[in-house]
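First, one chain by itself: the form predicted on its own, in structure tokens.
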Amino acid sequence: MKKKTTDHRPAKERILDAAEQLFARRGFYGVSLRDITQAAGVDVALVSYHFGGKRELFTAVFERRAEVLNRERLELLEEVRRAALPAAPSLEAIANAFFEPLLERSARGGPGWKSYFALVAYVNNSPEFGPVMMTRHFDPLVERFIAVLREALPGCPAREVYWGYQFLTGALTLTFAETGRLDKLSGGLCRSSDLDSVRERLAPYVAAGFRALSARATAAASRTPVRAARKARRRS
């Protein structure tokens, strides 16, 4: 039996919002279509009509806000590139372009965006969903950011930039999931929902990590000829 509702938005939008909230809280397998349609106040048949099935609905929920975020992040990235010309932008500016749309949406976008960031954290950490959905919806954006990161780190091997991105995305998804674990761990000294604190710290932290990886690679490369010369002397 569907829940009575005074929400007069289109049924498709209500289904997406209800599914987003429930998937974010309980994951894909912890939610039934009946749970979603009851929360949305619609008939179960409308899910099939608009989306096809549960997996298709899950995908639609995930991609709805991904498109908005991707557009805003790419626009901001191009702004910081133009502002830095003829040089490359700073690592901090690149990181801010990657984070700022998320911070803005988390602060002012309402509970739907909070649910979405929790859902992204769930998908990104899922061996079943992450490789397919993150690749499909975010890899073109990621490739563009990595290209600009390599402009800012011209002597850094591509391998190190990709490792840096791997660590960046882990920190990012956990931060925006706002699990509350940091709040408890710090005894209240830090609050994961304190977005001003996140804004002050996240970009410098990430930029320092990229610089450290680049410096490590440079130091290793400078030692390679010395090691080769020593080996040659030992052989002769």
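Residue indices: 1-based, along the sequence shown. In this text the structure is predicted, and so the values were computed from the model without any measurement.
What comes next is about the form predicted together with another copy of the chain, which does not appear here.
Visitor: Tell me, which of C190, L46, L33, V68 has a heavy atom within 4.5 angstroms of another copy of the chain in the model of the complex?
Guide: Checking each option against another copy of the chain in the model of the complex, the one that comes within 4.5 Å is C190.
Visitor: Using heavy atoms only and a 4.5 Å cut-off, decide whether all three of R159, L174 and A177 touch another copy of the chain in the model of the complex.
Guide: Each of the three qualifies.
Visitor: Are any of the heavy atoms in M134 no more than 4.5 Å from a heavy atom of another copy of the chain in the model of the complex?
Guide: M134 belongs to the contact set for another copy of the chain.
Visitor: Give a yes or no for F145: in the model of the complex, does one of its heavy atoms lie within 4.5 Å of a heavy atom belonging to another copy of the chain?
Guide: So F145 does not count as contacting another copy of the chain.
Visitor: Is A60 a contact residue for another copy of the chain in the model of the complex, using a 4.5 Å heavy atom cut-off?
Guide: Contact check for A60: no, nothing within 4.5 Å of another copy of the chain in the model of the complex.
Visitor: I'd like to check something about F210: if you look in the model of the complex, is any of its heavy atoms closer than or equal to 4.5 Å to a heavy atom of another copy of the chain?
Guide: It does: once another copy of the chain is placed as it appears in the model of the complex, F210 has a heavy atom within 4.5 Å of it.
Visitor: Go through 106-114, 69-77, 159-167, 83-91 and give me the stretch that gets within 4.5 Å of another copy of the chain in the model of the complex, heavy atoms only.
Guide: Within 4.5 Å of the partner lies stretch 159-167.
Visitor: Residue by residue through 184-210, which ones have a non-hydrogen atom no more than 4.5 angstroms from another copy of the chain in the model of the complex?
Guide: Heavy-atom contacts to another copy of the chain in the model of the complex: K184, L185, S186, L189, C190, R191, S192, D194, S197, V198, E200, R201, L202, P204, Y205, V206, A208, G209, F210.
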